[in-house]
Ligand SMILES: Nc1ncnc2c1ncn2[C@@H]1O[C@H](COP(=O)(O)OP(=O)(O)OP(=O)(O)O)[C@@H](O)[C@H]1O
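Single chain ahead, by itself, as structure tokens, in the form predicted on its own.
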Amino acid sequence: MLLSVHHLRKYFPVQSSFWRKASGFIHAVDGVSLFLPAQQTIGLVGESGCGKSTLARIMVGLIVPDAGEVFYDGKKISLENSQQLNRFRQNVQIVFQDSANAFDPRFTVKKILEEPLKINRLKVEGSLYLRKILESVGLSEEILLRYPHQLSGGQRQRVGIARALVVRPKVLILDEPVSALDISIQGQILNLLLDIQKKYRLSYLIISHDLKVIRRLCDWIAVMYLGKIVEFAPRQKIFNESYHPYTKSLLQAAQLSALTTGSLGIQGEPPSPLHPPSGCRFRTRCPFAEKRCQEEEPLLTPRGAGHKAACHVFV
């Protein structure tokens, strides 16, 4: 496994306005373990606020977890060791969702691409290397002298991918890479990601609300709900033989479910991450919930062929 995390936990304190003391904690990531095989792609899906982006930022070293461990190429990474963290970040890069705010507006594209090289002290062939990187993401060298506000949304996203590639990483974490783009541009970026992965032999972790994007790009899929992974399986297993009611509801909502009739009857908003339910966190919205679901937290249990699900009812 190229990149893996074990039992990660991250709670964010909510401060009271008067005493500035923590009045509670948001359970953003709560006991998550995940692995990313070399040259493969994992898709991470779930509702807004379930902890996907927090998990991704821990995996790239932007957030230090309260508990748990991060491993890269079999070695434990200390996210508080600046020297080790810098080497780790060279190998694990992130492409952000909001390309408009991902760059310093005072920087030209040339300076945006040169900055990671300087930080990592990488010696390259100057402008020739930058031209090659731009060419790999479908951009011409004339864009080097432009500023971010002079670029279209698709161009900015390509520059974001190029900035991640300049340090020659092994892993790219992509947070909603096409959600802010026009439909006509989304397909181009998805094809670009597939081409880049093959060319540079990259591993991807892709966060997306769009299950059609996930089905197209990913080898494995992890389903996250309220800070926990509730199902993990190869792509075809998720779409054809999912176990967890939450996974089934996502597929049905996206009209990708194998269920052709009937409804799962899932209603309402997810509970607050300040006060997650006892036992199974999905039980307050699950039409199949039993007494055991309230009293005992389900663990990710193997269901065969790399498939795991956390559900008491569907075993």
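Just so it is clear, the structure is predicted and the values come from calculations on it, not from any experiment. Numbering starts at 1 and follows the sequence shown.
Although it is not shown, the form predicted together with this ligand is what the next lines describe.
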Revision key, fill the gap. Note: exactly one of Q197, Q97, Q188, T108 sits with a heavy atom within 4.5 Å of this ligand in the predicted bound form, namely Q97
Exercise for review: May I ask you to choose, among C50, I58, L36, L251, the residue with a heavy atom within 4.5 Å of this ligand in the predicted bound form?
Suggested key: C50
**Study point:** Touches this ligand in the predicted bound form: T247 (any heavy atom, 4.5 Å)
**Key:** no
**Study point:** Close approach of I26 to this ligand in the predicted bound form, 4.5 Å, heavy atom
**Key:** yes
Review point. Looking in the predicted bound form, any heavy atom of T41 within 4.5 Å of this ligand?
Key: no
Exercise for review: Examine P65 and determine whether its closest non-hydrogen atom to this ligand in the predicted bound form is within 4.5 angstroms.
Suggested key: no
Point to revise | Output flag, F12, T54 and P273 jointly within 4.5 Å of this ligand in the predicted bound form, heavy atom basis | key: yes
Study note, to complete from the structure: Of the residues spanning 202-228, the ones with some heavy atom within 4.5 Å of this ligand in the predicted bound form are none
